[in-house]
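Consider the single chain below, provided in structure tokens and representing the form predicted on its own.
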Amino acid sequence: MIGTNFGIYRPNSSSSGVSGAPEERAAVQQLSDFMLQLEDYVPTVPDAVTAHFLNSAGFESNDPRIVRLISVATQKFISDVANDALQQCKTRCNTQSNLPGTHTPGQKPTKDRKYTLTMEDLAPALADYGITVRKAQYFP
């Protein structure tokens, strides 16, 4: 560990004569606490994978906390996209099952329905984040 302040500038109140605002001190304390928690957290996307893609994009960092922070942000992004795609799938399945002629007599709605991630659901979820996905022309 490089130090206890994690590279966060904390003005010395005794040298400046004016103490920082309580909100600023609280924000600095929250950031310090978050950085401490980040050291113990193991993200789903391994740090080695994140470091590889960062290096291939031209980003270099000697600080493993930066790589871990980007891994956590990547995990959050993937989780948000997957959740949006799941909502798209549920909406699509509900509208398809409510169409006339698709309900068979004696069929009970199941609570534990299994969903499959398809491009039909993933494309609109990614479009919400500004990512355009298109099928190749040779696929039907």
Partner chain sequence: MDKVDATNSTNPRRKILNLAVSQILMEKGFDSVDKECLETLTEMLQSMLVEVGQSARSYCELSGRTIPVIGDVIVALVNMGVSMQGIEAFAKRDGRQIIPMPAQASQQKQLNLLQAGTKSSHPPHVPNYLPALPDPHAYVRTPTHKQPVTEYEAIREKAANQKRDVEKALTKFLSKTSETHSLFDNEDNMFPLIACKPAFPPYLAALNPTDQVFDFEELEYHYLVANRTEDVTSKDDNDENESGNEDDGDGEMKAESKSEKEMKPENDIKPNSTTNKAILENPNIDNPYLRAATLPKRAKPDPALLIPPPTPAPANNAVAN
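Superpose the two forms; the largest set of C-alphas matching within 1.5 Å is the rigid core. Every value quoted in this text rests on a predicted model; they were computed, and no experiment measured them. Residue numbers count along the first chain shown, from 1.
Another form exists, predicted in complex with the partner chain; not displayed. Remarks below refer to it.
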**Prompt:** Is there any non-hydrogen atom of residue 96 lying within 4.5 Å of the partner chain in the predicted complex?
**Reply:** no
**Message:** Taking the partner chain as it sits in the predicted complex, is residue 131 near enough to touch it, meaning that at least one heavy atom pair lies within 4.5 angstroms?
**Reply:** yes
**Asked** Might residue 117 be said to contact the partner chain in the predicted complex, defining contact as any heavy atom within 4.5 Å?
**Response** yes
**Asked** At the 4.5 Å heavy atom threshold, is residue 75 in contact with the partner chain in the predicted complex?
**Response** yes
**Asked** In sequence order, which positions of 32-52 have a non-hydrogen atom within 4.5 Å of the partner chain in the predicted complex?
**Response** 34, 35, 37, 41, 42, 43, 44, 45, 46, 48, 49, 50, 52
**Rigid core superposed: residue 77 CA moves 2 Å or more between this form and the one not shown** = no
**Prompt:** Would you say residue 45 moves between this form and the one not shown, meaning its CA shifts by 2 Å or more once the core is fitted?
**Reply:** yes
**Asked** 2 Å or more on the CA of residue 86 between this form and the one not shown, with the rigid core superposed, yes or no?
**Response** no
**Request:** Report the direction of the Cα distance change between residue 27 and residue 73 in the predicted complex, compared with the displayed form, as closer or farther; the change is 3 Å or more.
**Result:** closer
**Fill in**
A change of 3 Å or more separates this form from the other: in the predicted complex, the C-alpha atoms of residue 77 and residue 28 are closer
